[in-house]
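Take a look at this one chain, the form predicted alone, written out in structure tokens.
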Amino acid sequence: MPQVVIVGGGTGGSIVANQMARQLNKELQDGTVSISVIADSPDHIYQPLFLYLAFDQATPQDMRKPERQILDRHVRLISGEANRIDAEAQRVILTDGTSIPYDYLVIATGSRPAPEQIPGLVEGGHQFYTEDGAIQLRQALRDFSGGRLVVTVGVPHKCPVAPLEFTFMVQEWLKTRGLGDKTEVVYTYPIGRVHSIESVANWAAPVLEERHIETHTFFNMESIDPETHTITSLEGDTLSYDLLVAIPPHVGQDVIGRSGLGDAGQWIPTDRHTLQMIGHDNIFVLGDATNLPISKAGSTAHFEADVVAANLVHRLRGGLGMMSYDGKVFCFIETGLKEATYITFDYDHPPVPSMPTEMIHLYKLAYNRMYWLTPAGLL
């Protein structure tokens, strides 16, 4: 009986499991195929709501559902943390020593923020890339009475437009609290423009200027001094702050490093079209776990999951599984508290941001509520 094991119960892993379960319903009922998901948390977390949590526009309860409720009933849920993947023996070893064999493996382990890589950042800055971080930032914003608010960006990081979203949102949020005239908002970016995607940078730069948001490019944060409230860049520049909001650099999950499957950042070498791990015909990788030069975003995992699920089903039924991923990504961009735009692009077509509107903002809020249809494989 072929055994498909999916490591990671986030967006990508859940979509693959549920889409496969629906298409292989007869095989699962007959016991001729098995699908298992290894998840290190009993809850499925919708991470984009962390941004809204920081502004007290969402609560922790809004962003979680039990993973068991999301997965098809024929999918086996294994609650535990993957400690190591033995690609030669085709087994996943959990931290409790349990060994899970597989014939096909899907790695959807995501990424994690690594603020510890920047000296002083844990003690001196805030971030919204974890639930605890967003809650702490929410309190810091509530206590903020004005001054210099610096948004600084480390790379690589997931959700590439989130730094801009936070910057635009926080400026308007401060105005609603009567702090607009008492606050300087500063935005830094590590390369020579305000975003890594050139068309997004070309759109965002004049918007930042129009809103009188101070920008510093070629600013790679090197260290933070929590005592003097200063941040120093690798380029030798130093900025003072009263409130520091950092987008920490991200790394792949530690299980990838322990397994010897990734590069220095713990990203897995992945074929850009087949989404197979380089050198391993029976291992597929998606979402943040890949080393692909595309945005680490939920929509990326979503579109990749469609391809992985279809190809695995085809192969389990005797086919070759030749469906190809074209690099498709879609991202909403909040441009304040009441308007938003979006970008969509792929390997061959760069994004072109549209004019921000209230309607697109409402679409984004609607999707936040409908998100649960996505990991269920229905949207």
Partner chain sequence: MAETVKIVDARGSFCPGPLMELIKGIRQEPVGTILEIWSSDQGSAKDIPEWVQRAKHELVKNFEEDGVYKIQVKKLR
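None of the values given here were measured: they were computed from a predicted structure. Residue numbers count along the first chain shown, from 1.
This protein has a second form, the form predicted in complex with its partner chain, left out of what is shown; the following refers to that one.
Worksheet item: Can you pick the one in 133, 113, 124, 156 that has a heavy atom within 4.5 Å of its partner chain in the predicted complex?
Response: None of the other options qualify; the answer is 156.
Item to complete: May I ask you to choose, among 280, 272, 91, 177, the residue with a heavy atom within 4.5 Å of its partner chain in the predicted complex?
Response: Exactly one residue meets the criterion: 272.
Worksheet item: Any of the heavy atoms of residue 302 lying within 4.5 Å of its partner chain in the predicted complex?
Response: Output for residue 302 is no: heavy atoms all beyond 4.5 Å of its partner chain.
Worksheet item: So, in the predicted complex, is residue 60 in contact with its partner chain at a 4.5 angstroms heavy atom limit?
Response: So residue 60 does not count as contacting its partner chain.
Worksheet item: Does residue 351 reach its partner chain in the predicted complex if we count a contact as any heavy atom within 4.5 Å?
Response: Yes, residue 351 sits close enough to its partner chain in the predicted complex that at least one of its heavy atoms falls within 4.5 Å.
Discussion item. Contact with its partner chain in the predicted complex for residue 347, defined as at least one heavy atom pair within 4.5 Å: yes or no?
Written reply: It does: once its partner chain is placed as it appears in the predicted complex, residue 347 has a heavy atom within 4.5 Å of it.
Discussion item. Just to confirm the contact call: exactly one of 196 to 204, 177 to 185, 73 to 81, 305 to 313 touches its partner chain in the predicted complex at a 4.5 Å heavy atom cutoff, so which is it?
Written reply: Answer to the contact question: 196 to 204.
Discussion item. Heavy atom within 4.5 Å of its partner chain in the predicted complex: which residues of 40 to 59 meet that condition, in order?
Written reply: Stretch hits: zero.
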